[in-house]
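Only one chain comes next, encoded as structure tokens, the form predicted alone.
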């Protein structure tokens, strides 16, 4: 089903997802992937073959640091991945952006379930259970400081603080999950706060608790 919907999207002219551009009929391959910024210098790119190569290409950033979330805006450049068929393309995209195609299709179909932040934090256990103590103001601030392209995340936020509390207007909350040409892009969608955001909530919650204690003397 996902491969079929991907083919339909390609037939409609969609050819971008995250920092990737999808090329057709390149060299001897049905599909190819490369960084959007490399689309005008294909002859200079290092060639890789097969969906499995996407794992290494997506793991390390240009400066060598580990990309701890696949939605990080740091995909390295200078390569082209050749793929023999649609199934290989789907597999490669799933390695670059895990579950992104399925989440996008669910949203298109109106079946996507979104988990708001308070529900996410309420499920935390162990050391992360303290994350739930973060104030609304603290959580809104973290969205501005952690999410969105200004903070190297390329995903569109779908969740709110809770069902009745939307995110405040900011670059992060307005971002649409595409990098140019939205009509030709599959947006990357954030249906629940990531583990990195939860960890930042824990730090902020602890800081708020300590500040309140200090204020009381």
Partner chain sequence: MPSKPDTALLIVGHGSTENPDSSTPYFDHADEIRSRGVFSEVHCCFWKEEPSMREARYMIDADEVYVVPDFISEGYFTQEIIPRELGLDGPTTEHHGKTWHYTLPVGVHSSMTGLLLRRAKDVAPDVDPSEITLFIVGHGTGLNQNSTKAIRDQAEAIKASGAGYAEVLDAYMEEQPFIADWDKLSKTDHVVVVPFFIADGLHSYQDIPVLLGFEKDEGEAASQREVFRNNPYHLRGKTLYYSSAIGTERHMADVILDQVADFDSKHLS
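Residue numbers count along the first chain shown, from 1. Every value quoted in this text rests on a predicted model; they were computed, and no experiment measured them.
One more form of this protein should be noted, the form predicted in complex with its partner chain, which is absent from this view; the next part is about it.
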Original post:
Just to confirm, residue 156 within 4.5 Å of its partner chain in the predicted bound form by heavy atoms?
Top reply: no
Original post:
Is residue 78 a contact residue for its partner chain in the predicted bound form, using a 4.5 Å heavy atom cut-off?
Top reply: no
Subject >> Partner contact for residue 109 in the predicted bound form: its partner chain, 4.5 angstroms, heavy atom >> reply: no
Original post:
Can any non-hydrogen atom of residue 69 be found within 4.5 angstroms of its partner chain in the predicted bound form?
Top reply: yes
**OP:** Could you spot which one of 74, 115, 84, 135 gets a heavy atom to within 4.5 Å of its partner chain in the predicted bound form?
**Re:** 115
Original post:
Out of 40-48, 56-64, 160-168, 24-32, where are the residues with a heavy atom within 4.5 Å of its partner chain in the predicted bound form?
Top reply: 56-64
**OP:** Could you list the residues in 93-129 that come within 4.5 Å of its partner chain in the predicted bound form, counting only heavy atoms and keeping sequence order?
**Re:** 94, 95, 98, 99, 102, 103, 106, 111, 112, 113, 115, 119, 123, 124, 125, 128
